[in-house]
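Next up is one chain by itself, shown in structure tokens, the form predicted on its own.
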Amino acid sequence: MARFKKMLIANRGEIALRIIRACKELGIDTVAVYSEADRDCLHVRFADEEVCIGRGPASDSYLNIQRILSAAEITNADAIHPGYCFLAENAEFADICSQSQFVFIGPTADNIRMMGDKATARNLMIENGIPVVPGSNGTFEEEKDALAAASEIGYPVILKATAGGGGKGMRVVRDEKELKGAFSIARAEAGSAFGNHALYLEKYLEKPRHVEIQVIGDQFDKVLHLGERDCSIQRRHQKLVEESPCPVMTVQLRRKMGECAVKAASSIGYVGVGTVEFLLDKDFNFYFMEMNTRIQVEHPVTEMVTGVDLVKEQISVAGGNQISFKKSDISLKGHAIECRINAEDPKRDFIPCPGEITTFHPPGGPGVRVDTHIYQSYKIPPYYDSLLAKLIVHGRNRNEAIARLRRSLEEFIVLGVPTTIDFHREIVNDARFISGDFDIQFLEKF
């Protein structure tokens, strides 16, 4: 664990602060990079060193590979942690880090490439006997090819960007007319977001749950899973609430999904933390959807039920160490739920709301964790994701976790900008959420 002396965090906000905390406990010095808009962000204050890498827009700062590498060089960092988003799943960045003698805290560039291209990942899963949603054999550049494939698969289908994520370049279409209208829009959106216009098709499953398996692999060909997270409560394919265990999970189903997730990661020699994501239908059939080759926003949910510090473990395996625990050491204790608190106005179609935080009072008490980078008088810049904080609660069972979450949301005070706190209060008081009877269309009927 002592391999790294200094780590540069190529990210911002709560995840940068989370990584800094892990490094401090491991005795690793940290370097924060920041944009001019983030000068007063907490990750800058708590790092050992800081370097300004450009103006507010991410293209001028957090996505500027050369400036990040220059910051690592002038501070003599020996490792770079990308966090999530920005460059976390950029294979070129991982390659350049390695070529520049910086350890990239994540999987290999080849791992990222294989799983980052959704069509390639899908074909790889088929080769390894892992169930996938029926869909196209490759990607499409032309609308006519997508129409032919959709006719063969059968409507409804979902258009997906092969390099996509976060709902971008994704459209559900229920007939030929809708597909004709959606194809060019999805293709343009994919090109703008990922620099890759290619799309592919999958059969659209009605009312599935979104269940992901947390995996970790080391450089000794060992891959383990740490159970599942249910991420079904989403808005426009963006996760809002995550929990572990999944309310409908059984011991046998967890074993099967876990084995498939481990097999998927092992098939590419995966090193690092990641998640293998599945759709689970009402008959408990599950299908591979994608693999995220990074630490996830919702990783604290797994940390709360397993007791494993995933960020420390991620750093450790990147440093050449074996996974510090055995499969038999992992059991899910109690229940954890996470709410993403965003600076958005639910009354105006969740429009992002930058501005100044005039009052900030996070909740506390037993089993309550708040991961955040904000504070009173903090000014939210307009350039980045609207995530302000993650509220994570843990209870002995799901009922206690819900009660604790309800109480914590009542205590949580953020004034100065609209937030999703009240919206989350409505969710946790909804009878379907309380019963665990929901799917990815939950908010469509909310």
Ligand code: MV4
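Everything numeric here is computed off the predicted structure, so don't read it as measured data. The first residue of the sequence shown is number 1, and the count goes up from there.
One more form of this protein should be noted, the form predicted together with the ligand, which is absent from this view; the next part is about it.
Undergrad: Could you tell me which one of T372, Q234, N90, S316 places a heavy atom within 4.5 Å of the ligand in the predicted bound form?
TA: None of the other options qualify; the answer is Q234.
Undergrad: Go through K312, K222, K203, R254 and name the one with a heavy atom inside 4.5 Å of the ligand in the predicted bound form.
TA: None of the other options qualify; the answer is K203.
Undergrad: Would P247 show up as a contact with the ligand in the predicted bound form if we use heavy atoms at 4.5 Å?
TA: Heavy-atom contact with the ligand at 4.5 Å: absent for P247.
Undergrad: Taking any heavy atom pair closer than or equal to 4.5 Å as contact, tell me whether G167 reaches the ligand in the predicted bound form.
TA: The answer is yes: G167 has a heavy atom within 4.5 Å of the ligand.
Undergrad: Quick one: is D117 in contact with the ligand in the predicted bound form, heavy atoms, 4.5 Å cut-off?
TA: Flag for D117 set to no.
Undergrad: Is H210 near the ligand? Define near as a heavy atom within 4.5 Å, in the predicted bound form.
TA: Answer yes; at least one heavy atom of H210 falls within 4.5 Å of the ligand in the predicted bound form.
Undergrad: Does the ligand come within 4.5 Å of a heavy atom in each of K160, E290 and I440 in the predicted bound form?
TA: Affirmative, all three are within 4.5 Å.
Undergrad: Using a 4.5 Å heavy atom cut-off, which of 152 to 160, 180 to 188, 317 to 325, 372 to 380 contacts the ligand in the predicted bound form?
TA: Careful reading of the contacts points to 152 to 160.
Undergrad: Of 370 to 396, which residues get within 4.5 Å of the ligand in the predicted bound form if you count heavy atoms?
TA: The stretch 370 to 396, when checked against the ligand in the predicted bound form, contributes no residue at the 4.5 Å heavy-atom cut-off.
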